[in-house]
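Two separate entries follow, structure 1 and structure 2, each one form of the same protein chain as structure tokens.
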Structure 1
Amino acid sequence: MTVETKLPYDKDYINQFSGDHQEPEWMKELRLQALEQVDKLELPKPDKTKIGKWNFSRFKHTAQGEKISSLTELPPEINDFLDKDNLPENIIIQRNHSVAYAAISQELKDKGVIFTDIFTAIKEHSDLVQRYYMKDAVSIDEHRLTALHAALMNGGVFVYVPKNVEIEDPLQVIFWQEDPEVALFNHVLVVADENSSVTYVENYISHNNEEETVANVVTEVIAQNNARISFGAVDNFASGTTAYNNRRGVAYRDATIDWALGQMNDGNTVSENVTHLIGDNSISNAKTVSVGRGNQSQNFTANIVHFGKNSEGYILQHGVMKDKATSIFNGVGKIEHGASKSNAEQESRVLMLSEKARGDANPILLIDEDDVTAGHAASVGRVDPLQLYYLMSRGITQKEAERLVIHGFLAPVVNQLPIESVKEQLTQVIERKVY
């Protein structure tokens, strides 16, 4: 049995919402086209995860948040995600659906860098946004959730780095779901033009609550020729939030896209991280860690598709499951015909800490070219009781012993993450979830 998507939002609502945000005609038409397709399209079918009864349509679509004049005004749970020694100079904080705080340095402005909320970008840089928005990475008609996203997008950011511009310090965005019922239909669009580089870090944070709502997030990362993008994220939605997170990358000739993802939601989650290596010599590293607890069900897919010659794709996933949590980890390396000399490598490992926890690791290699290299490793197992016994025999409590085991299991991934701030944030969130 599946739950039908009956939206409380119709064509008139979309027209009104688009008008209120002073959107150009192309954006309004895209929303309306997507709305027409919502009921015609099926939900995605993640492997071994039944999402037909998950909540994707019961939510509050809009809620404003108060502005803040200084980062010092942030509550502790938000402030924890800032660099204590060096407050970020380039940062956006979205509170529910409005921008609470935004800052970009004059230096980046002078170089032509665009770092702003998605609605401002659509109004002030319409042609540039239209060029990339749901074009090369994600299309509106893939399934019901992409159509829903396109119709109801209500927040997000746009980053554009011009040719030959290298940004040294990270750009940071905090998406703060303050209202427990509000839905986030965020769209994140990061574009690095030729010979440019940028590090982007985002955090999704919601207050501890069991109110049912939705996060339907689409991210498009475009690296033009010889560009480099490091994308870091820590997702930390509360247990009542059903999350669909679709992060896509497109890398052209000699380009690199690195992903460092901490999947720390407490609610049911479907997460897709797909990178298309279009150009010759393109590279992607996709690193993910997750801790599941309670009764949540999660499905994670990391997929790197090789089109260009000499392209390289590396997937590394480690997950820890507690209580009655269940998670599927899919690692997919696809080498298309013509992508000679390419290399696809992947490793997925899952550790279960309780009898009722469940984890699956599915390594998948799809090779349509002869002159390539590829490899995979996968393991699923329960915590070694001898490890716990050894630690407890030294006077350590069982909870503290489990904490040490979890950190030790996730460390091979966390330590390899290329963004220092993401490492620190992940360590904090892992600590909270362990206890």
Structure 2
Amino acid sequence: MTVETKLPYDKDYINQFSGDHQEPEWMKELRLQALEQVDKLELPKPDKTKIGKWNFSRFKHTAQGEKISSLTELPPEINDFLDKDNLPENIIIQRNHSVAYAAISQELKDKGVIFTDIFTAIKEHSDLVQRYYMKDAVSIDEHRLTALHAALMNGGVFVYVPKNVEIEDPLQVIFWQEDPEVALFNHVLVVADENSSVTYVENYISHNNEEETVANVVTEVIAQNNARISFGAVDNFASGTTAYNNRRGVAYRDATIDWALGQMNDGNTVSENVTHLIGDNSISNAKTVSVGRGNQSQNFTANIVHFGKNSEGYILQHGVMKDKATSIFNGVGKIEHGASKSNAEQESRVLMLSEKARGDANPILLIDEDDVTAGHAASVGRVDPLQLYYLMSRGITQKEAERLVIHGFLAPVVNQLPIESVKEQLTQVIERKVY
């Protein structure tokens, strides 16, 4: 680490921070060990995007947030996130690093479902969290950012669905970086035990266009045998936030993990979504939409790694690039030796709206097994003038015609989001970013 990026967070600080949160010894140790590794590890090296000069060091580590007394009186910044006609029963709103609002239905509590902020989880369900926290999905020592994350983790949630419990209503979480300079080192851990199912949807939001900060988010999603997890997200950090967002899934036998991710940050972003299909017959659908604008540089990876036999992985990435935005879309399907009868499919499509924008789609198939099927398709193109002509020939203005084509282009993922209000909100974000 060079001098100018030296962080003011040392052992004493971590000790103090961990102590303030009454963390168990294992967590404090994990943080301290991670801190020791930070200096030894390099930044990650996303393909074709240079992140060496991005801000990963200027931020404020903690900030509190005020409570929200009722879901009917939300601050205007996050008012749109909820379905007003159908207020969620299960929701956590994290404001900076405080839980501003949290609710879980009695029914889910009775069934043993855990849906709580990460600090409470570490205290109250220490063994359970310890069993999964940065073990099977993301490792502390992958690179400097994972180590930093482990050392400085300052927010997040824990979801645990016990065996045979099927949750119908989605669990929703809003992570609101209200303080323009505060960093979210958020850790989300979702564990669905055998034969269970859950739908989880999260939103990240901030409004800091002038002030700089960092979001370093690690999300671990574990689907035990025959569990089903549907994971939706809309990331919407403002341009001042440099984001590293690592969402990783591990699916065991007969398990399914589906992702629908709206990657709508306005700042520089590395977003990687990796799913390990460990068990036989496991399945993952990874669908992402992204919009790039202004001068932002983004690197998106969707990667499914097949270990189990007869496992299926489908990746669909759609991106729209305008202004001078640059984005790299890596779609990776990897089939390990022994994962026979597996199928890896991927499709990456990038729509360019300006001459100065840059978009690259890199489809990669890495296959170490003979008895498999795999396919990929990738394209980078512009809005088809004949489509515009057709729409305009019915009286629709060029602007509206473009809007229809762009929404249509992003629809396969937007429609996949499991909560109506989140879908609408993603549509609004797209609207705002594209026009």
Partner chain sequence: MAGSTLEIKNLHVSIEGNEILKGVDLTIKGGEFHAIMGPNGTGKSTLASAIMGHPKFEITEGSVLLDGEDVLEMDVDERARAGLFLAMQYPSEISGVTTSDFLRSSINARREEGDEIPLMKFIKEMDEALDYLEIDKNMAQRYLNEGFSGGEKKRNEILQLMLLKPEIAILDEIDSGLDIDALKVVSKGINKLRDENFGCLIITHYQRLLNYITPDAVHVMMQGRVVKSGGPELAQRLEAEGYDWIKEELGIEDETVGQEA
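Counting starts at 1 with the first residue of structure 1 and goes up one by one along its sequence. Please read all numbers here as calculations on a predicted model, not as lab measurements. Heads up, when I say rigid core I mean the largest set of C-alphas that superpose within 1.5 Å between the two forms.
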Report summary line: Structure holding the form predicted in complex with the partner chain is number 2
Report task. Align on the rigid core first; then say whether the Cα of residue 421 has moved by at least 2 Å between structures 1 and 2. Result -> yes
Query - Exceeds or equals 2 Å, Cα of residue 400 between structures 1 and 2, core fit - result: yes
